[in-house]
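So this first bit is one chain, no partners, the form predicted alone, shown in structure tokens.
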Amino acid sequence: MNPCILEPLKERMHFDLIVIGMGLSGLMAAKTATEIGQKTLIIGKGMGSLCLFSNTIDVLGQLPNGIKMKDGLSHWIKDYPGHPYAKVGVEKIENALSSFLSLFPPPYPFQTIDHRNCLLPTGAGTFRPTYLIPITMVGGSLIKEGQTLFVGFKGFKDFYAQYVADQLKCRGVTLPLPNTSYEMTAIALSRLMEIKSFRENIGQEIKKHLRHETQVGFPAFLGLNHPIQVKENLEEMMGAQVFEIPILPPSIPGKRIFNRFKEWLIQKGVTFSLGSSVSKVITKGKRCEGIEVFHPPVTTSFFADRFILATGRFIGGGLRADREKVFEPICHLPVHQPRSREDWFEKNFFAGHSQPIHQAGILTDLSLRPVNERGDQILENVWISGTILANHHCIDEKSREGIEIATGYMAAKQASGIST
């Protein structure tokens, strides 16, 4: 075949930056690189854990009550110099969070409560600390005993209103769904809530059950595309403040975040390849030159000057494990982990602190490029971001989204040659 015919195809498949992974960290990296002016491809086999767990943005939930986030991060970095936050720094973390917030203007903004963590109710009837919250959940931070009615629905088994209400010393009610006689999912209900006649029936039925309550707590499915319109319409009908409560996966608020990133990235000209798994990385010496994506029976190659690996941990497939070790399956980078499988977990599983395996991940230098245990650089044009990084306990720390946003932002800045 004439090589002149192939050359234009190769040119179209060349990018300044390829981001591998479509969770929050990968999306943040792609946004940052695009704003700098980089021709970017973001590729991922799925939406990451964003659409499973993310309802709010946790930055550091372990902070003592009342401390401002900036002060808490400064102390945390001093106490944990190997943590991903220490490689980003407080100023850049704040810049990254500001960049995230810029993507969510009114009517669906994210906000803090006085730049501190706040406590939001959960579907288990407990409170958990978080930092950035969508406007649809702000009312949950203002719950007062006896002044909130929690609403559940027959056929929706992921939220038990009466149980939540009992824990929080309020009232709960479970209502039948209009014109349905079968089990419903959060996604199906989020779509139905955007139908005016459906939510009018819901609003009128709830109003009959209100006594002296000034707030109504709903499971977090007040619409996938127009949650503010749904919220305000219900408030007008009922004469009470409406707020959402995080529930079991899938996360409708997480899907809203993903959809907003996707919409913005595509609008800005980013090549967005969802449902694609990287089957091979093409390297030469200490440089990554390209990736291959296999869609049977066709293999497609993409080339770039720089790469960001943001594939997450075990849930996202960024890390895998066999009987002997944890490994990274795409770039085959060494994984920092306990010496043997016997050391993955404490002898007492319920010892009250995190298990050693939860700190497994990729080691990097200060610019987030991968290194081995001796500190030797492995790939000079690859940067690592997100929870695949080593030396954090993001679940216990309640820092997952914060780590993803901050390191995705910094990795893109570093990969683009801009000092942060």
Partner chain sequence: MKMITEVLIIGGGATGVGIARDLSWRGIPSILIEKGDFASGASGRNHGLLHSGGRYAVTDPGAARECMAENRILRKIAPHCIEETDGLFVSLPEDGFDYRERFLRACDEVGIQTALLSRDETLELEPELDPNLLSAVKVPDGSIDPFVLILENARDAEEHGAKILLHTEMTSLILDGDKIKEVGAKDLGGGEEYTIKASYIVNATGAWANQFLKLAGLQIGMALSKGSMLITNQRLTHHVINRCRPPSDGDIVVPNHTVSILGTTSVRLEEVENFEVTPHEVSLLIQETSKLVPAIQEARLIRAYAGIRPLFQSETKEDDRAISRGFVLIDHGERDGIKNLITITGGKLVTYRLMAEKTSDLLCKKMGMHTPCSTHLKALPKANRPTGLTEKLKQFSFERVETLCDCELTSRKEVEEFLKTDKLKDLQDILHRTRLAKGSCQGGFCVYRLLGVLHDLRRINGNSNEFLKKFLEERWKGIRPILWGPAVKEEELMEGIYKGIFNL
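Numbering follows the first chain given and starts at 1. Source: prediction; values computed, not measured.
This protein has a second form, the form predicted in complex with the partner chain, left out of what is shown; the following refers to that one.
With the partner chain left out here, work out from 27 to 35, 65 to 73, 364 to 372, 48 to 56 which stretch has heavy atoms within 4.5 Å of it in the predicted bound form.
Careful reading of the contacts points to 48 to 56.
Heavy atom within 4.5 Å of the partner chain in the predicted bound form: which of P334, P107, G82, P249?
Only one option qualifies, and that one is P249.
Can you pick out, from G123, G203, G290, P338, the residue that has a heavy atom within 4.5 Å of the partner chain in the predicted bound form?
Only one option qualifies, and that one is G123.
Within a 4.5 Å heavy atom cut-off, is I395 in contact with the partner chain in the predicted bound form?
Within the cut-off, so yes.
Taking any heavy atom pair closer than or equal to 4.5 Å as contact, tell me whether D158 reaches the partner chain in the predicted bound form.
Result yes; D158 sits at the interface with the partner chain in the predicted bound form.
Taking heavy atoms and a 4.5 Å cut-off, does F294 contact the partner chain in the predicted bound form?
No, F294 is distant from the partner.
Answer with yes or no whether G172 is in contact with the partner chain in the predicted bound form, where contact means some heavy atom within 4.5 Å.
Result yes; G172 sits at the interface with the partner chain in the predicted bound form.
Verify the flagged residues S98, D114 and V281 against the partner chain in the predicted bound form: is each one within 4.5 Å by a non-hydrogen atom?
No, the whole trio is out of contact, none within 4.5 Å by any heavy atom.
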